[in-house]
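Given next, in structure tokens, is a single chain: the form predicted alone.
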Amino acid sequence: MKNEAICGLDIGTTKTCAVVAVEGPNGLEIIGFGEAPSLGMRKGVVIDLDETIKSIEAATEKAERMAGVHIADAYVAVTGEHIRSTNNRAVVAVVSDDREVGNADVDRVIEASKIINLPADRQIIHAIPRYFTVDGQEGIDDPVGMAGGRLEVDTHIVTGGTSFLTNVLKCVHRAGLEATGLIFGPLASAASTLLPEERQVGVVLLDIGGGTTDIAVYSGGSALYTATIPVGGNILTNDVSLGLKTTLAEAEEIKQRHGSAGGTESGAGYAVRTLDGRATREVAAEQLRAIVVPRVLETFRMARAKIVENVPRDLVLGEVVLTGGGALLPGIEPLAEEVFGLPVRVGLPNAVIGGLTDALRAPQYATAIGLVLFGPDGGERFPKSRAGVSWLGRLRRWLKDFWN
């Protein structure tokens, strides 16, 4: 079992989550979970190495204790404003004598699609095939075994800033783990929350975390556009704290309990503790709503502007799925519907993975759970045997001065 264990590590702005899963009789099953406060990250970027390492160690220790296995490596979620995405197309000739597409041809064409104009300070995290084309026939999911002389692929490529990714890897390494792969957060969240039908028809996934909101647009079964905006739930908590003149802890509790819709009845209100915590005062629901609603609408409008700018105008989208801790905000769905003009639902980790308790079937754990689903199949792998030729290998050599 120990050799089969798959671990996902989501190092967020507010919390770090570690999930351990194994292959069971009915597919993957979660056998361990750990969560710890995260104080060393801000908007997806490491700002304190020691605090981030402590958070990783605490979360993985809890997951190991629950699972009864030792965690040696993990698929690690990354996010941040430094993440970029693009789509690229590549073509190769099928080289076999019988003109039958083989796995080697697929590997070659995907590698060819990675040849893009990339600055020296950026690295490819994902090159995900959207569809293949064989001798002009488009829309092929798996071309292996088909006859043809020309193989093309359309890929969705996600890149990140080398220094930002390096700092995450340093923290993981110093916490006693190896990164099996880096996964852009919303791709993992999509793996645990989206239905195949939604990905096919067209869907917008918004993963609202503490420091960032990640965007993933799916159509035709695959990711078409991904991005990050540097606004999350923490800025809303800060707004509530300033507006109601209370502590951040009290503001977070008020936000989660009342959000943008709670207590909107005429004359409704609730008690709020003062900054020194010694007294309370009555606050009208309208006062909270006046703080929360504009910020939430601004976040959704920022996300919509990104999508309008980067997604083809003729693309039909059928739904918006909200996940991440920010999706727990009461009354958030109508605000999203107002901005996007589409049906909205909150995305919970679904039943494709076993061992999910009610506590884990929550939007704030969508990324961590999605890592063990997406990682083995779609993650950019860093096998040790190829470390010398991968970009991770180059990073590791560069980091030896720090690690040793």
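So that there is no doubt, residue numbering starts at 1 and follows the sequence shown. The model shown is predicted, which means the values in this text are computed figures rather than measured ones.
Here the subject shifts to the form predicted in complex with a small molecule, a form of this protein not shown in this document.
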Heavy atom contact within 4.5 Å of the small molecule in the predicted bound form, the stretch among 321-329, 195-203, 134-142, 67-75: 321-329
Any non-hydrogen atom of T212 within 4.5 angstroms of the small molecule in the predicted bound form: yes
In the predicted bound form, Q364 touching the small molecule (heavy atom, 4.5 Å): yes
Non-hydrogen atom contact T237 with the small molecule in the predicted bound form at 4.5 angstroms: yes
Interface membership of A190, the small molecule in the predicted bound form, 4.5 Å heavy atom rule: no
Contact residue in the predicted bound form, from L288, C171, I183, I208 (heavy atom within 4.5 Å of the small molecule): I208
One residue of N167, N88, T274, Q256 in contact with the small molecule, assessed in the predicted bound form (non-hydrogen atom, 4.5 angstroms): Q256
